[in-house]
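Only one chain comes next, encoded as structure tokens, the form predicted alone.
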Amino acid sequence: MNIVPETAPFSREQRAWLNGFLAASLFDRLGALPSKVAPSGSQPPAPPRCLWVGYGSQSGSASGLARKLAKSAESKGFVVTVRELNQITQEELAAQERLLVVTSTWGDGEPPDNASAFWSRLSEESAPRLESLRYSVLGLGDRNYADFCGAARRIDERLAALGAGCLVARAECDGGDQTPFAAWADAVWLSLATKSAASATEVSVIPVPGPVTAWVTAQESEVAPPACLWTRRNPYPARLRMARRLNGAGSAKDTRHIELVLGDSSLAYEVGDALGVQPSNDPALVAEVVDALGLGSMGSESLGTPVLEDSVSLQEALMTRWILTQPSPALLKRLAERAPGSLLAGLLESSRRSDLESWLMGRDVVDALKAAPGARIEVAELGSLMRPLSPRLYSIASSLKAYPGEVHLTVGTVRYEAHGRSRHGVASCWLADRVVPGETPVPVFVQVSRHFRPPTDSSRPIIMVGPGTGIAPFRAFLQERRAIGAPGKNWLFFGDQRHSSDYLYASELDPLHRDGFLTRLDLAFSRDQESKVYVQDRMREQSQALWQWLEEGAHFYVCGDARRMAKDVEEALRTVIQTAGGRSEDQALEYLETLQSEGRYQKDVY
């Protein structure tokens, strides 16, 4: 039933909602639809069942799942509105009856950029009561971070505190398996199909520790691009060209410039995207795990035992399928059950949660096995006790326009000593030490990052803050803008430990600065003087110029550590707005929110 013309300037979702709303409004007023809308003698339509789907997405996965959810809802007769969470006002939220929230957690337990303003409004004391709302939340996260699915959990708890009724218990998902998403969605449809809210709230799913992912196959418009052949489940076997060390002599760091050749893959990416890399475990660590399991004396026979449904052998699973650097909760529990008097069993007592968390810092599967002597683990049960080895995502450090058929990364290798043993980063040390250039396949795929892009208007100025390996996407931004002849000004803040040994890509950045393409370059090397200096200090020093660029329409970007650096940079940015812009604290926060809503403040933090 079309009341709104197809030519009206609305999206498909907006047009569908307006058609349903207007039809229901006409029926409420007239008792029947006018003859131009409904044929004479036809039964008046039932009021439309409206469903809102709100998403918070930093890299695109939550956005893709939200749209997949919306398509399924449309097929079930719902009139669906899909919005970024930031776009949902308090008034709209209070007026809704059904809401599904799909959100990732970003940085240090924070909501994504396009959900942060929503969370701020939801957290206010003045937030409206939501007794008429029925909702459910799906969280996407990474269990390697302490505050797993923290943003989803807080949104769920706050909606409940405001009186909203839960349709289905929150699902918390990690990694690359869509099965938990499908189970949660099925439960949602079942709950929405029930006639009474009371019975609906009885339908629930247990929060799922398994993984979830979805690949974004649709732009913000209604036209979907062709599906990519190479995905997380089917990565392309790229070849390494080089893994060149960027740090000079005397540096405490080992940062590598990685170049991968994409061959005839036709694998495409945009600057701002991330590259997923599926690594292999260290053979030395695999051998230690085999010994700790008591399998070393059994020779190759035990290593050839199938342990997964696709007939993957124990050897291959240990090398390429399972996380060995962190013991899973399931493995810890099983070991404690099999060795009740062990150190590990004591740590797993409910009263010693903080002790367990402290003990686990820097410890791996070998440490867990040794902490439960006498606990025998059978080969056949390992598949249910080990977590899958997930790909690592790295910000892409190149532009296809500058380097056709290649993709570059900036990778900081992780090496340290802990508890009497050497520890190595799974992917970083694999790329740096064990991948043979031109020979060893490096399985890769592109993770689209729609919310971390240079301005579409290339005349806009950009301000980039990227210390350490955070320089990666900005190297790509500069290459892209140079390749297209972008007239906009470019300003980079870069920092690391020492100028002499840690000035990454100096041979590229200095010439760009000298010839004026890199309009401004501010450097901060923390250990070159007695008092440490960081990028946020340089920002405060340049407050007036920063404010002027922002007022000229500049886009502000930050990439790097979420736990400290990104927070310190945001605090410095807020200070710049207050001091140079003459704004109050509340006005500065409002200015920041405006920058985010306009897509002029973007973060790629980890």
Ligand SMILES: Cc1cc2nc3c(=O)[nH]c(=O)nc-3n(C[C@H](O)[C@H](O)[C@H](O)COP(=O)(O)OP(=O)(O)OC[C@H]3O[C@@H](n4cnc5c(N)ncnc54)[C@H](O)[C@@H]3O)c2cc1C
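Numbering starts at 1 and runs along the sequence shown. A quick note: this is a predicted structure, and the numbers were derived from the prediction, not measured.
Beyond the structure shown, there is the form predicted together with the named molecule, which is absent from this document and is the topic of what follows.
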Note: the named molecule not shown here; in the model of the complex, the stretch from 475 to 483, 155 to 163, 340 to 348, 389 to 397 having heavy atoms within 4.5 Å of it is 389 to 397
Assert contact residue (the named molecule, in the model of the complex, non-hydrogen atom within 4.5 Å, options 536, 86, 469, 490) equals 469
Exactly one of 365, 73, 317, 426 comes within 4.5 Å of the named molecule in the model of the complex through a heavy atom, and that residue is 426
Would you check, heavy atoms only and a 4.5 Å threshold, whether residue 416 touches the named molecule in the model of the complex?
yes
- Query: Taking 4.5 angstroms as the cut-off for heavy atoms, does residue 191 touch the named molecule in the model of the complex?
  - Reply: no
request  = Decide whether residue 258 counts as a contact residue for the named molecule in the model of the complex under a heavy atom distance cut-off of 4.5 Å.
outcome  = no
Contact flag, residue 116 vs the named molecule in the model of the complex, heavy atom cut 4.5 Å = no
Checked 121 to 137 against the named molecule in the model of the complex; residues with a heavy atom within 4.5 Å, sequence order, are none
